[in-house]
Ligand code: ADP
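One chain comes next, on its own, written as structure tokens: the form predicted on its own.
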């Protein structure tokens, strides 16, 4: 069985949904994971913000703006009056639910229910379209098998047992449709895997059933060697190892959710990145096998904060770094990069949710400085163990770019460099010229 995930742009209109239907209507057993139609989740986030502010007029306006898009999609997607009525009845039901939240107190739990509506709508409309086209399929509710634990982490054992139970209800069916992103929490309430979580859903499903392959279909033909928004003439990478892909996803390659690789790697399920608009393109295959000793790609992670703690207490002391790290642990704030000297430690984070509390606690250990608007440039490949020359190429490429920090040797797949945001494009272009043009 294969798992195929289609993102918001892939199901962003009636025509796109029809394209996806053609792609999945082929021999072989498969589970299709769909995101919400592009722009829907952003719209629903605005709706929840308006409801939190008790701005009922704004909330009503947002719903009145979003509903016609779905009505128009129904009109363009279906042929028969019967199918159009069924689609419109679905829209009425879901938007009546959304409007009901403007009539009463609004809570955090209700926010998660609202944010789930996009995926519930896209999967139901797609299932109805397959039904009209006489393509047999089963609509599985992700809320029946996707669950996170008390720490907000997916419960793979629960997912595995409950998904297999759902599939056994229809043992002879070949095509199953389900929602990405949404799940239940440990209390049974509707929750989610956070933004971009549809990739994560597909990977978790693929791991749960030990799929032949997980396919992530987007609007780009695989993971590129550099950021095409800043660098011209980038190209898709044919093959990556799990570790290489994980580094790129975590450090800014937007095509893939940062956590997507972990479940696939755990069960050794290959992941293939494909383009819905160019289905004939080979894309990128991610697997356990490394594909050569070379620099594969460059990615950039924005909105980085640098924190520097300087204290003479570090000198010849043990336990100091542990105390510093425990501050970040208490506030569940991951650290990306770290460098130390005899009396100072500099580190980076990308989550400012608890920055005031963190800085206040760190000030008990020494003088604290903070800088914002930094960028981590990540160079990824299988090139650090017993290899010569790669570091020279990287730093020679960046000779005219001011470098703030360097992380080298923590992973055999990654060299990370910190620059200020104003030098991001310059650094990406310089690396592209210095690293990839050398291959030509």
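Numbering follows the first chain given and starts at 1. Remember, it's a predicted structure, so these values are computed and weren't measured experimentally.
Keep in mind that the form predicted together with the named molecule is not shown, yet the notes after this line are about it.
Trainee: Name the stretch, out of 246-254, 336-344, 79-87, 143-151, where some heavy atom lies within 4.5 Å of the named molecule in the model of the complex.
Mentor: Heavy-atom contact with the partner occurs in 246-254.
Trainee: Give a yes or no on whether each residue among 9, 217 and 229 has a heavy atom within 4.5 Å of the named molecule in the model of the complex.
Mentor: Yes.
Trainee: Going by heavy atom distances of 4.5 angstroms or less, which of 224, 301, 127, 265 would be at the interface with the named molecule in the model of the complex?
Mentor: It is 224 that has a heavy atom within 4.5 Å of the partner.
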